[in-house]
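One chain is shown next in structure tokens, namely the form predicted alone.
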Amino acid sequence: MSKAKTPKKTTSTDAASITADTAGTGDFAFDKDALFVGIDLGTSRTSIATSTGVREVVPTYVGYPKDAIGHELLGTEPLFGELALKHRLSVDLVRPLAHGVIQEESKGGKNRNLTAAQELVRHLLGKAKAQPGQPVYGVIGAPARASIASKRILIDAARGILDAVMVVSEPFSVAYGLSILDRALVIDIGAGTTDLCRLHGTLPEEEDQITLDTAGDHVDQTMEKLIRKAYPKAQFTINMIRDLKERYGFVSDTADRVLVKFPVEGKPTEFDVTDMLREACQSIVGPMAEATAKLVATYDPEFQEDIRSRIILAGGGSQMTGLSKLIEAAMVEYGGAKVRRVEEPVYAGANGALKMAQRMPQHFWKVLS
């Protein structure tokens, strides 16, 4: 393969290794009777798939009751996902991930983001109903550019919950789940990051991966600015914008008008947000097409046509109407492309991580004490 020039936005570290650290330490007896889990720990949503058939997805939010009244109303245990969002006025709401990695913000000497991530993973694993004493082995997806420090934080999040863990590139876990490991390119569009990974029959190296910050959160922020500029009296929150995008998001030039109601001084008022929604959603396509073109152009020239013919979209952002066609149009000047979306965008990463957990040999695992 020709040597790729590392794009400016790519800072992936240790991409050639499937683990965040070196091989597992201590004695590790691989147990086929263990509970295997795949976790896609995302900025906006976290999904889990287990060897017992459990599949769950929750918004990546944890809520802690603020005061005695909150404790009386909600109890003393943290709230997760939709329940935390529903009661966000009564709780300290923590969104522990940004740009796909756990933030290192500390409060009172403790990293509350790490604690929240641990409790969310423990909450999801509780639904898997592991038997007493049953070992739990998990694979966690991380952004392609996640640094060694970020991967270690993910491992710390699993400590005390999983018996052994691997941290892998999110788009690679999607590809692994689809059994597409050669001459293809996966684009995983999440909330915090858009991750691109090209496959060539081996573990991806640094030059095979690009992570962009232009993803779902970028769409939300862009749309919020556009609507506030057009309708300065409208009252709404970023959560309302995110819900609007997830229900109606599109990038094509032809679409039904999107009419929504926002309060104006407490009175529900209808607004046409079609053009703002389209512009916001399209804002991530340019950087995505540019990054795709770079990965294709630095691929072995004999196989560039092959990789252009197998571009796969995954992640929540892949569900925007018309996205595949718009990327294909942007790739015309590079010889054209064929782009398709995975059948289960929300679970594709967790499904691949689970498949990897069930198949990877012992020396790839990091044993947690």
Ligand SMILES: Nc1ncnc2c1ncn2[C@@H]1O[C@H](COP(=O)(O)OP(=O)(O)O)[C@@H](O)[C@H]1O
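The first residue of the sequence shown is number 1, and the count goes up from there. Values in this document were obtained by computation on a predicted structure and should not be read as measured data. Each form is matched to the other, and the largest set of C-alpha atoms that superpose within 1.5 Å is called the rigid core.
This next part talks about the form predicted together with the named molecule, which is not shown.
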Could you tell me if D217 has a non-hydrogen atom within 4.5 Å of the named molecule in the predicted complex?
yes
Within a 4.5 Å heavy atom cut-off, is R45 in contact with the named molecule in the predicted complex?
yes
Check M320 for me: does it contact the named molecule in the predicted complex (non-hydrogen atoms, 4.5 angstroms)?
yes
4.5 angstroms heavy atom contact with the named molecule in the predicted complex for I189:
yes
Ok, R278, R183, K245, K151: which has a heavy atom sitting within 4.5 Å of the named molecule in the predicted complex?
K245
Which of 67-75, 120-128, 245-253, 172-180 lines the interface with the named molecule in the predicted complex (heavy atom within 4.5 Å)
245-253
Core-superposed comparison between this form and the one not shown, L244 Cα displacement 2 Å or beyond
yes
Indicate whether A116 shows a C-alpha shift of 2 Å or more between this form and the one not shown, with the rigid core used for the fit.
no
With both forms fitted on the core, check whether the Cα of L277 differs by 2 Å or more between this form and the one not shown.
yes
